[in-house]
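Shown below, as structure tokens, is a lone chain in the form predicted on its own; questions about how it binds or moves come after it.
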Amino acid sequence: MQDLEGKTAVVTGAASGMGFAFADCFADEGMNVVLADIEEKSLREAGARIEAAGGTVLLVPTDVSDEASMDHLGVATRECFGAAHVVCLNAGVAGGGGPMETLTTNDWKWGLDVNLWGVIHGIRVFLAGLKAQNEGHLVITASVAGLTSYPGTGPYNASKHAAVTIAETLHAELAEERSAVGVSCLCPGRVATRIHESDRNRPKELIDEDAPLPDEEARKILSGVFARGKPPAEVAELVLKAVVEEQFWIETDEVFREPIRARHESIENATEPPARGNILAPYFS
């Protein structure tokens, strides 16, 4: 999809991090941008930044896990700009972490509601319109966690593996239909975002009464680790390139090339899955 000027991009999780960078990048290309996020104050600030640079913005407070909220996002987009052309289903949370036996139903529900159902709702709301106009592009944010299976991040891994296969399946369906609508699957590694602080938006009803308090020392360490990640603006440039060139896979670095290859080799050879240790370990080997 090469002609972007005057068309409309919808981005979930757009108040900060990669989502804001995507919206800012598309606005620079002359697109109208619809920013959707659950954090209303940050959403207003993000919109003001893009408008100050000359962008045309619609702000839609959105809980991607909620069907009605995503329906509203679709209606608000159509009422303001008409058709959507680029849809980035990007909102995500870290989800519950720790050994499987320590995870609660709420841990699983939180991660799957946002990371998986946010994608499902977005496809349901926007895909039919893209197909009807036979023009557009969907970008699904998965993760290297959707191509590997490191211990200690079960809900996140599960949600991102699901996002990958949804993107692949959608690509296959559109190809069989000879549709001009494109799909990209973004599998970022370490990016300088605040995803490690995503529990700030965890719904109260999904917080267990006996949940342990956050480990502030571990949080500080993670903040330092993620601060050294790839700048979101550089990821946005990769996404823009994928949309324009109709590229399916988007990787932010090559650090996980070997772990991904090793996993595929274990599948082909019917050997034990190789992933061990922390998912961020490949950055320090």
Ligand SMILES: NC(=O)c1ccc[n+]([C@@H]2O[C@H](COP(=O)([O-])OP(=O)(O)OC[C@H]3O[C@@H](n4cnc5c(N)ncnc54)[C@H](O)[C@@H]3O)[C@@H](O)[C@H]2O)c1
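Computed from a predicted structure; not experimentally measured. We number the residues from 1 along the sequence you see.
The protein also exists as the form predicted in complex with the named molecule; that form is not presented, and the subsequent description refers to it.
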Just one of 175 to 183, 122 to 130, 85 to 93, 99 to 107 has residues with a heavy atom within 4.5 Å of the named molecule in the model of the complex, so point it out.
85 to 93
Does any part of residue 150 reach within 4.5 Å of the named molecule in the model of the complex? Heavy atoms only, please.
no
Is it the case that residue 81, even though its partner is missing from this view, gets within 4.5 Å of the named molecule in the model of the complex, heavy atoms only?
no
Taking any heavy atom pair closer than or equal to 4.5 Å as contact, tell me whether residue 77 reaches the named molecule in the model of the complex.
no
Hey, in the model of the complex, is residue 251 touching the named molecule, heavy atoms inside 4.5 Å?
no
All three of 16, 142 and 195 touching the named molecule in the model of the complex at 4.5 Å, heavy atom to heavy atom?
yes
Does anything in 154 to 193 come within 4.5 Å of the named molecule in the model of the complex by heavy atoms, and if so which residues, in order?
156, 160, 188, 189, 190, 191, 193
